[in-house]
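Take a look at this single chain in structure tokens; it is the form predicted on its own.
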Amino acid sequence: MIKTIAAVGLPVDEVLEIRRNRILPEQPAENRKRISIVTGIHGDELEGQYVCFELQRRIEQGKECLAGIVDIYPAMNPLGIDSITRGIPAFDLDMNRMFPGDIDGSMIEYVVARIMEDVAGSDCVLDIHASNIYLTEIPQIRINELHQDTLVPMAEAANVDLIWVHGASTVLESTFAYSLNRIGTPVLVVEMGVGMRITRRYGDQLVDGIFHLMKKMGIWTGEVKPARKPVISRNPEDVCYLNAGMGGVFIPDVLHGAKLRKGEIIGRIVDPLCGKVLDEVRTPEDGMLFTIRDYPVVVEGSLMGRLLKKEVCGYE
């Protein structure tokens, strides 16, 4: 059941519409639990588009197993998706810095306030993001430490590789997730893949996790795949940041998600004019490479990757 939850007029007879597709069980009943899948807040993050499609496709194949409500919000920033821009084009605004909004405020404040009204009250919300065009991320859920007691058990059922618990001081209060968590609607922030692309294997992994989570919540009664056990990082010192020592073109030598030993080469920074290797990016510690540079052109200081230390990963 598709519904427009917010609509405002634009120049030249156009309309900005935010739409939701609600999937209801075949046998309606009171007090059904509700899960909301939200994506497209940033217009250049497209990984969630495949998740919305695949989730609905699988539900339709086994509709008799649906015992709760599934709300799909595939395009919170449709103008950004249409123009392949992170923020809201023409307004130069990041929608994820506008929450909780104001129903009597500006156009964008009104839109995000209506989004808040519609999503609030969900038993669980997945706010799906991708990385930017420069970096690729393994499927992970990022959580504000203030809400970890509620959110970590949910995140553990979602089939991601990493749960990254952040300090409260690093979380912006104007984000969608923070605003809903503050009023008691639990939101899991998913980060995976790369900007402007769809990584199908990551999307399939997350969809499997959503079904596993829905099973745990009593929203789905059908068979589900077991969820992988995620690594949980709660200490900022668990993560090593790898930066370029100089500019050039980055050529990776390892696969994303690789488990590496201290001193191993992650990749080389090369000079295509002279055919020389300018620098080697090496691991400072044993660990798992959960972020890797995807866009090859780098300057001094560019983030090349993030490494989760071995003692946190727990591998041999």
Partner chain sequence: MNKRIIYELKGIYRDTFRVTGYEFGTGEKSVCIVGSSRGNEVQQIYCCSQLVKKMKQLEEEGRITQGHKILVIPSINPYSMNIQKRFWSTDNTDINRMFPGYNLGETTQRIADGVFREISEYRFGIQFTSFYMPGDFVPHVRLMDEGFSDPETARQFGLPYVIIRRVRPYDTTTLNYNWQVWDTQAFSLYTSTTSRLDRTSAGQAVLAVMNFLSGQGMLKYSIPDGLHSRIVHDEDMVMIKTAKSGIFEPMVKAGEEVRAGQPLANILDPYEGDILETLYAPFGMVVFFVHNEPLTYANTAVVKLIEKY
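Note that the rigid core is defined as the largest set of C-alphas that superpose within 1.5 Å between two forms. Remember, it's a predicted structure, so these values are computed and weren't measured experimentally. Numbering follows the first chain given and starts at 1.
As for the form predicted in complex with the partner chain, it is not shown, yet the points below apply to it.
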property	result
Triple contact flag V8, L93 and A244 to the partner chain in the predicted bound form, non-hydrogen atom at 4.5 angstroms	yes
Among the candidates M107, V152, A120, M217, the residue which, in the predicted bound form, approaches the partner chain to within 4.5 Å (heavy atoms)	M107
Contact residue in the predicted bound form, from G267, G43, G287, G248 (heavy atom within 4.5 Å of the partner chain)	G248
The partner chain contact in the predicted bound form: I18, any heavy atom under 4.5 Å	no
Non-hydrogen atom contact L146 with the partner chain in the predicted bound form at 4.5 angstroms	no
Interface membership of L303, the partner chain in the predicted bound form, 4.5 Å heavy atom rule	yes
In the predicted bound form, E237 touching the partner chain (heavy atom, 4.5 Å)	no
Stretch in contact in the predicted bound form with the partner chain, which is absent here, among 27-35, 271-279, 253-261, 65-73 (heavy atoms within 4.5 Å)	271-279
Threshold 2 Å Cα movement between the shown form and the other one at D271, rigid core reference	yes
